[in-house]
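As structure tokens, one chain now follows by itself in the form predicted on its own.
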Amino acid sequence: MIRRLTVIGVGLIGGSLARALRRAGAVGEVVGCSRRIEHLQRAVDLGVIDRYETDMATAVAGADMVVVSVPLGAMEAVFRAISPALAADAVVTDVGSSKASVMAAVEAACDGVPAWFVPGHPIAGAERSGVEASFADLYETRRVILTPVEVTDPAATTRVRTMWERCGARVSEMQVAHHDEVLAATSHLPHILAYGLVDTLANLEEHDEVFQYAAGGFRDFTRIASSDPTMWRDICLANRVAILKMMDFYTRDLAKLREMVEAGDGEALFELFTRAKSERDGFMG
């Protein structure tokens, strides 16, 4: 049971966590914090949080669990503000998609990585953002990756693991660097491709007609291009080394695919499409 949960950044991710914990009967009071009072009041009206504070130090006072759900570029400032005000038994975790950058931010803000910090990343989301988009089922059967480091208190890791499991998530652990490479391939690159394709088509002279006749495949592939641009800008900057590595792999293979199309090599195209279909069918299964 979490006595008092403070969510810094009450949007889709933080709001859905609060909703899921409420439904599970696993939290007492939920305190929200962000810069916009109207946004926080909306979270109260929706029943996502019980009350709010705009000052981060005040918001975390007395909390035994703090979840930081802000863009990666804001992490250091958040940890500078909250670390002196934390209760003795507080555990802090985050939901950032690039763990190396979060660890660097925490280390800079706290003069080292504190034992109470458990880096985490729920592999869940949607193209819609904001507290209005939050829902209690978001984490059902979804994966959450924790990346504790050597100094992380094992008891703190257990508390964060239990919190996510109470939301219905499947929790695993990874090394920080490995997490960032895996997510660069499976999440960051697909988002970049979706944004890039939409922008390419938008720059065509006949783009109005192109979008008018776009079918379900285009909508499915580009759905994630409706995600929060601020968040994805920060992810690209924070995890750029791993992302560039995956972009290089992709552009190399895209060049090979172009050669197949240019050469009219139907056999090679069929083999590639068959192999890709088999891999995706196996993943979906």
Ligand code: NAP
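Sequential numbering from 1, following the sequence displayed. All values reported here derive from a predicted model rather than from experimental measurement.
FYI, the form predicted in complex with the ligand isn't displayed, but the following is about it.
Every residue in the set His39, His121 and Ala124 has a non-hydrogen atom no more than 4.5 Å from the ligand in the predicted bound form.
Of the candidates Val92, Ile145, Leu72, Cys167, Leu72 is the one whose heavy atoms come within 4.5 Å of the ligand in the predicted bound form; the others do not.
For the options Ala26, Leu46, Ala61, Met231, the one in contact with the ligand in the predicted bound form, meaning a heavy atom within 4.5 Å, is Met231. Using a 4.5 angstroms limit between non-hydrogen atoms, Ser97 touches the ligand in the predicted bound form. Taking the partner from the other structure, the ligand in the predicted bound form has no heavy atom within 4.5 Å of any heavy atom of Leu21. The ligand in the predicted bound form comes within 4.5 Å of a heavy atom belonging to Arg35.
Put simply, Ser129 is close to the ligand in the predicted bound form: some heavy atom of it is within 4.5 Å. This chain is displayed without the ligand, yet in the predicted bound form the stretch 129 to 137 from 129 to 137, 208 to 216, 108 to 116, 149 to 157 comes within 4.5 Å of it by heavy atoms.
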